[in-house]
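Just the one chain here, the form predicted alone, laid out as structure tokens.
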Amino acid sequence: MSSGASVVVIGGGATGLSTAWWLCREGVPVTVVEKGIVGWEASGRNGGGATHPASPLFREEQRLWPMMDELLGYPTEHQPMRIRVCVTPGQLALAEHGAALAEKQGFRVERLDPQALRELVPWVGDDVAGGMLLHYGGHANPQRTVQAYAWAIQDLGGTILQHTTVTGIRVQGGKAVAVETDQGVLGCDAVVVAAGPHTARITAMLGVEVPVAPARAEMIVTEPVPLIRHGGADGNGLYGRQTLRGNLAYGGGPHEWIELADARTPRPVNSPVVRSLARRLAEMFPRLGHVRVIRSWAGVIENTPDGRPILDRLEDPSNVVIATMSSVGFGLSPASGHALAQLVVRGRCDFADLTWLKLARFGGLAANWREHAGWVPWSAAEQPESFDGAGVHS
């Protein structure tokens, strides 16, 4: 066990790893503490999308992704551009909202009628409403990307401690001075808490309440099918991509809300939710209805009450930076890590306005906000015999 580092990053997901990598690039000694294996929760178990026009980090996200393989020195399998498949007119109207946000920021969107959409994605049905070709965004391989971050951190002299659980944070004089773990104590000059759904448990050690609701993130993978030109085609409430091998990897809400009583993460998938994913994938790509699902897996994500991330530097302790990405962490990770590293080193982000992502916006939030929103687990008595995703919240 290392005796310490200038910065201890708690959480080995994409956000924590990206933050550590950016700090290492500035010559800051960093130790990442991960209770399991890096990327083992949502960061390695998601659709790989990198298209978030509603985020203040969007421009930086789009600037960085095409360069990440070169910057990291390892492959992420990033592919540019993205296709939105709109099965219904309502989905088309919703996609227009996102397209307008991107166009307002100078990015190009190409509207596709059903025939043009079928030329790009031959799997869609005859009654599809239409779609969009986004000349921005894209997707990457989550597993490859997380490993690339980790290797790049080690290449720059950073340390990653896996299977190491944080048990406390020591504070003196209004600053965090050490992180306690089940493997020993790490002295530090600053702390970054980027522990995904476990962020609230960690910040509670400091007397800071971060409102998040944990949920399972389910994914399914099909057998390989012929490659299409732009593999990042999704819609119908799903996110995902076609892998370079041809598999379709898709997930999406509604998710199953859960409780995290301790540092452990529940692993089994929820079969009814997985069936819902398969059904909606078949609705979006009816010409692939015969294709078999060959595996599925579950990670854990977290959502804030308003669905937006929290990126903030606390006032007390003044050297602690917190991050919870509210289910959009992977795609934004190059930009969020850059922003968080700047919050650590400079106290501010110079390329994006993070004002609306501050923790203070939740001041006065009711203690029972999860119950009020219905973001609570099913009890055994409430669980219906036939469950297709109804009653859980996206």
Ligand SMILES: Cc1cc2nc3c(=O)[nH]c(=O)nc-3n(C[C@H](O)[C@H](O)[C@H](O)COP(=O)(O)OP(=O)(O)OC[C@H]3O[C@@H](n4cnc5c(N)ncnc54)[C@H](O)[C@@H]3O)c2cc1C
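Each residue number is its position in the shown sequence, starting from 1. Model, not experiment: these values are computed from the prediction.
The form predicted together with the ligand is left out here; the points below concern that form.
For the residues Leu357, Ala339, Val328, Val30, the 4.5 Å heavy atom test against the ligand in the model of the complex is passed only by Val328.
Judged by heavy atoms within 4.5 Å of the ligand in the model of the complex, the contact stretch among the candidates 364 to 372, 66 to 74, 38 to 46, 343 to 351 is 38 to 46. In the model of the complex, none of the heavy atoms of Trp257 sits within 4.5 Å of a heavy atom of the ligand. Contact annotation for Leu23: none of its heavy atoms lies within 4.5 Å of the ligand in the model of the complex. With a 4.5 Å cutoff on heavy atoms, Ala217 counts as touching the ligand in the model of the complex. With a 4.5 Å cutoff on heavy atoms, His198 counts as touching the ligand in the model of the complex.
Contact annotation for the candidate site: Gly12, Thr165 and Ala194 all lie close to the ligand in the model of the complex (heavy atom within 4.5 Å).
Of all the residues from 139 to 161, none has a non-hydrogen atom no more than 4.5 Å from the ligand in the model of the complex.
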